[in-house]
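Taking the form predicted alone, here's one chain by itself in structure tokens.
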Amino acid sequence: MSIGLSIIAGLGVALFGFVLQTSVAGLNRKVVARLQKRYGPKWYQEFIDIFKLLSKRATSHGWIFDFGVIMALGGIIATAMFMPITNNLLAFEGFDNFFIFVYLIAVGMLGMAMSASGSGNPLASIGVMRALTTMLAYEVPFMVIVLTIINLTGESSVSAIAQAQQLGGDFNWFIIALPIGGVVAVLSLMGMLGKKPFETYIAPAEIASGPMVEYGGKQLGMLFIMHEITVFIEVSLFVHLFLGGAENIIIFLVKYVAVYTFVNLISYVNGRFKIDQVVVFFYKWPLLLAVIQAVMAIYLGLVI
């Protein structure tokens, strides 16, 4: 595939991720509302909200504030372009290395942090500080587990890791083969998605949505798009690394919806940690479990 076609295909993957995640999030709002005996919004309400925001004017707080939003959205779209959907549906073949995702997604996050800090609002700065602190907390145990998987498979390509699991059948999924690591991965995913009890950096009733407090109009709409694509990247990584990836699009959709809905339902029955509790929690139990799983798998060969 030529570089031009790869770029077009990559942009298609990012658009697919936005549409998929926004639809799944809308359906989840409906499911949660019914569980709480409410009717809930229409499943496509989030599309209406985003397009309505994109049609409105936004207030500027300087070029750093404006440029940070573009950098955040651009960085996340660039990350999504490398994400495989199935074994054969991949825009940039050979470039789906796990470490590419780690570095590229940081560009989007830093753009968001730069823009929010440029607003001058103290609540935004507190939210950014909490977001970066939370990221440092959940990424350490998550990286220990992923490095264990890379050691076992000898691959750092996301699609290659998925195919290595498929060769051994359903029970060769790493969420089953490395059960302790699977628990750590689910906890880390909840931290990545900002789900309760790790929702400290948004905390609407405490710091007025933190980094998002100064945004409105089209800039807020762009950040909503960035958020949906970021969730798509994080959930897709979990599907490929721990659930054996997908041979076709139907399997991918089933796994994706199941993972997001599972994490979302857990979130709605939890309260919210304080930021110091988040750090202590991740550096205590998930990190300890991740190290135990790594020693068992790499040095003792104890893999189910």
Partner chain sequence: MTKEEVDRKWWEIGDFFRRNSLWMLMYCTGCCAIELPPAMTSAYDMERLGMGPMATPRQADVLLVTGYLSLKTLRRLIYTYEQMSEPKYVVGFGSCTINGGIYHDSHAVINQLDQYIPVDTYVAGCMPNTEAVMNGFIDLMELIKTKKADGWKRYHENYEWYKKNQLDSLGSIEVKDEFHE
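Because the structure is a prediction, the values reported are computed rather than measured. Positions refer to the first chain, counted from 1.
Although not depicted, the form predicted in complex with its partner chain is the subject of the following passage.
Each of Gln36, Val213 and Phe224 comes within 4.5 Å of its partner chain in the predicted complex, counting any heavy atom.
Look at 57-65, 232-240, 253-261, 275-283: in the predicted complex, residues with non-hydrogen atoms within 4.5 angstroms of its partner chain sit in 57-65. Heavy atoms of Gly217 reach within 4.5 Å of its partner chain in the predicted complex, making it an interface residue. Although the partner is absent here, Leu53 sits close enough that one of its heavy atoms falls within 4.5 Å of its partner chain in the predicted complex. Among heavy atoms of Ile48, some come within 4.5 Å of its partner chain in the predicted complex.
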